[in-house]
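Listed next as structure tokens is one chain, alone, in the form predicted on its own.
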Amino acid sequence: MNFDFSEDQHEIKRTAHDLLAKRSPLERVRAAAESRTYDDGLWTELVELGWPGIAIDEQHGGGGLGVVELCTLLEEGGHALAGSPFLATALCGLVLQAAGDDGQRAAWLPRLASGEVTGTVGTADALVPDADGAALLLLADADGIRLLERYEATVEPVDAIDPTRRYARVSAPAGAGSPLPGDVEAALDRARVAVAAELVGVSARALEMTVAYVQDRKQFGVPVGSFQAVQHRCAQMLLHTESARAATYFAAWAADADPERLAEGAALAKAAASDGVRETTASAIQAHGGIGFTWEADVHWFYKRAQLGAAYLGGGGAMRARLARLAARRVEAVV
């Protein structure tokens, strides 16, 4: 049994890391956040590299790879806080491919894969990332998921706590759009795994920045990182990050290779990533001391991304409750 990435998956992750380190340094993240814009050139480059369609079937113009490969890209996107509609469009493709009918897939997947249009996934009355610029909206409610074109929905942009990404509230009249006929919960589970991957990247970068800071910052003539309390905080941040990473890539593997285990894996991954990233980024603020929460500190961008990402498509509490229900069903089936 191999628990590591394949060489190709390592190469995808290395390439993404190097690209985003060059194209999305924190000074560009800051400039984009302060102006509430995206780097359109970065999105064009990601489209040319085939990122939006990496997990879309080749018959629909995608790369034909899996959720694991998509998660490696999204983890690096979170690590760099890259500003683009990549997450929202990738989730839209995942959900539509998993739960759409043949006509819906044929009409939209090639356009999403090529970057001709962008899409998003969300729930009514919640903040939906990149909805304002999306041509395709997948809106979940108690009855399932509806496919809506932009003109069929009301989209109200919102200035949310996280200025590194655009958000909006989406609503639509009852009966608008067309329902996705497939297993929508399994489709949303794939999306939750992808969101968890981005949160792992956010958590990892917050940890890296914190370790670098406490090694450099001195009090009483020694680095603050030499104090045991600070070491314990950093160790806990590492535990949260690696726990979330392990759960996320297990769930991504299940999505590709063992769908029967996807529901439990996705709930565990999203719970671990949502709770972990909030703890990690809050600890990063604390470890940076007085500078941590100021506008001049880069680390607070990660805290802000973490707050909305943790709640998107279900927060830690909702995911733990779902995991408990799934476990109870499994026990009842055995007894």
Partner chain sequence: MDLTFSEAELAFRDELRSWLADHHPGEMPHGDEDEQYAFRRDWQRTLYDGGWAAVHWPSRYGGRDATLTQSAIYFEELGRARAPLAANVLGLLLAGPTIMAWGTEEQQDRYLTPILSAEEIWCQGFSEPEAGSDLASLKTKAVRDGDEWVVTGQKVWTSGAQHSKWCMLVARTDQDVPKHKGLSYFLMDMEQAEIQVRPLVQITGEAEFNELFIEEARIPHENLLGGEGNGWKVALTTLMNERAGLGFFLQVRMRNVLDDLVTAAVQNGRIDDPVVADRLGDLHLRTENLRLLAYRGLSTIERYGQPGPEGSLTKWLWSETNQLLAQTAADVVGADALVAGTPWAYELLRSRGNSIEGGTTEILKNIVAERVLRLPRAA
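Positions refer to the first chain, counted from 1. Computed from a predicted structure; not experimentally measured.
Keep in mind that the form predicted in complex with the partner chain is not shown, yet the notes after this line are about it.
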(message) Going by heavy atom distances of 4.5 angstroms or less, which of T294, T37, Q59, T44 would be at the interface with the partner chain in the predicted bound form?
(response) T294
(message) Can you work out which of L87, L207, L112, L147 has a heavy atom no more than 4.5 Å from the partner chain in the predicted bound form?
(response) L207
(request) Within 4.5 Å of the partner chain in the predicted bound form, counting heavy atoms only, one of 170-178, 131-139, 95-103, 234-242 shows up; tell me which. (result) 234-242
(message) Each of A21, A153 and A186 having a non-hydrogen atom within 4.5 Å of the partner chain in the predicted bound form: is that the case here?
(response) no
(request) Give a yes/no on whether A107 approaches the partner chain to within 4.5 Å in the predicted bound form, heavy atoms considered. (result) no
(request) Please check if A247 has a heavy atom lying within 4.5 Å of any heavy atom of the partner chain in the predicted bound form. (result) yes
(request) Answer for R320 alone: is it within 4.5 Å of the partner chain in the predicted bound form, judged on heavy atom distances? (result) yes
(request) Decide whether G64 counts as a contact residue for the partner chain in the predicted bound form under a heavy atom distance cut-off of 4.5 Å. (result) no
(request) For the heavy atom contacts within 4.5 Å of the partner chain in the predicted bound form, list the residues of 294-330 involved, in sequence order. (result) T294, W295, E296, H300, Y303, K304, Q307, L308, A311, G317, R320, L323, A324, A327, A328, R330
